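First, one chain by itself: the form predicted alone, in structure tokens.
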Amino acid sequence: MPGLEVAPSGLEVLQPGPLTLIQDPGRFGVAGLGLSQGGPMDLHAFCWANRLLGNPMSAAMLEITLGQASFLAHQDMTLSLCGADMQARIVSNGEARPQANWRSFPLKASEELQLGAAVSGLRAYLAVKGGFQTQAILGSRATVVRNKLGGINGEKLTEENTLEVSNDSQTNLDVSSNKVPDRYQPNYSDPVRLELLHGPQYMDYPPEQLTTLFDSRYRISPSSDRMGIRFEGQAVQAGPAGMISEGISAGAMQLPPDGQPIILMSDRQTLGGYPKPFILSRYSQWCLAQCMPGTEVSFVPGDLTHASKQWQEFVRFFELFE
């Protein structure tokens, strides 16, 4: 009828925090177009958030960096929250109650989910039953701001956004109180040891130069982002003077002329001309994604056979690419 107001639905963004993005596993097969893959920085927390809700791994969710975000439900829904501890709480009728991390939970219409500053870890993943419904671009909803693709208009979320949820988002008693087993919940306060596997230019460096990486400790630079994590510490020199640009894989360690390592992450460029003596193991990539700037890390030699077995088991467990 004319003039009849339709009640709002979905999840409204009240405060987006410094950086909140819609992410799914990423945009594959587009490197030839010069586009970044995107996807979650911490695939471990991402996959658990979907699994708690019985979602397919392709379902889109929110990646919230640093916290300080809040959301208002305009309909009953079931959510899950994994990753960094942001002291979540649910506000209903003016009263607040804490919401535990690494769990699924119901959020009723008119209730507000508030996230404070991250106290452990850096990125949290907020999923909804059925996934957030945004337009897929080139087969993915993943937001890559540098490419202006995915999410909502290719941008980070703002307080003007309301996210559409699936009709399957209503509270479901079978999934509304699931919990990730304690043994799979990382302790982000543990010392950070990152496993390095041999990369394409490993043989181009004198062994004593690469030993520098394992004998030194490095700090994560504040200039790090979703494209790459920069480190500050003992420089690694004596590598190849230059090389023809080539494709870059997730977790590749670049050594630019200043000898300060850079680990390339989800929004990495497709080509690069700096040598890459090492590649970070998958599990170490996810650990690194949860490290605050200033965190001190050490590099350790990794075992390719063990790292490959871990990755294969992870893919099978979460049915990641089926």
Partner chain sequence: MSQSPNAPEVIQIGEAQLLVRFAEAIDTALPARIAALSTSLKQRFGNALLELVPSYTTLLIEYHPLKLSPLELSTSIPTLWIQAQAVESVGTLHRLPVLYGSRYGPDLAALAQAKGLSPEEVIKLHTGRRYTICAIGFAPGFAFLGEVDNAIRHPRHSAPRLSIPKGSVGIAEAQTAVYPDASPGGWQIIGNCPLTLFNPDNEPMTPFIAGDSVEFYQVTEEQFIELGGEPCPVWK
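Treat the numbers as computed from the prediction; the structure is a model and nothing was measured. Residue numbers count along the first chain shown, from 1.
There is another form of this protein, the form predicted in complex with the partner chain, and it is not shown here; the text below is about that form.
> Verify the flagged residues 35, 146 and 271 against the partner chain in the model of the complex: is each one within 4.5 Å by a non-hydrogen atom?
Yes: 35, 146 and 271 each sit within 4.5 Å of the partner chain in the model of the complex.
> Within a 4.5 Å heavy atom cut-off, is residue 44 in contact with the partner chain in the model of the complex?
Although the partner chain is absent here, residue 44 would stay clear of it in the model of the complex, with no heavy atoms inside 4.5 Å.
> Wondering, does residue 247 line up within 4.5 Å of the partner chain in the model of the complex on heavy atoms?
Residue 247: yes, in contact with the partner chain in the model of the complex.
> Does residue 49 reach the partner chain in the model of the complex, with heavy atoms at most 4.5 Å apart?
Heavy-atom contact with the partner chain at 4.5 Å: absent for residue 49.
> Does at least one non-hydrogen atom of residue 201 fall within 4.5 angstroms of the partner chain in the model of the complex?
Residue 201: contacts the partner chain in the model of the complex.
> Here the chain is shown alone; which of 281, 254, 70, 290 has a heavy atom within 4.5 Å of the partner chain in the model of the complex?
The residue in contact is 281.
> Which residue, 91, 192, 235, 138, has a heavy atom that falls within 4.5 Å of the partner chain in the model of the complex?
In short, 138.
> Pick from 177-185, 93-101, 146-154, 209-217: which stretch has a heavy atom within 4.5 Å of the partner chain in the model of the complex?
Heavy-atom contact with the partner occurs in 146-154.
> Relative to the partner chain in the model of the complex, which residues of 300-316 have a heavy atom no more than 4.5 Å away?
304, 307, 308, 311, 312, 315, 316 sit within 4.5 Å of the partner.
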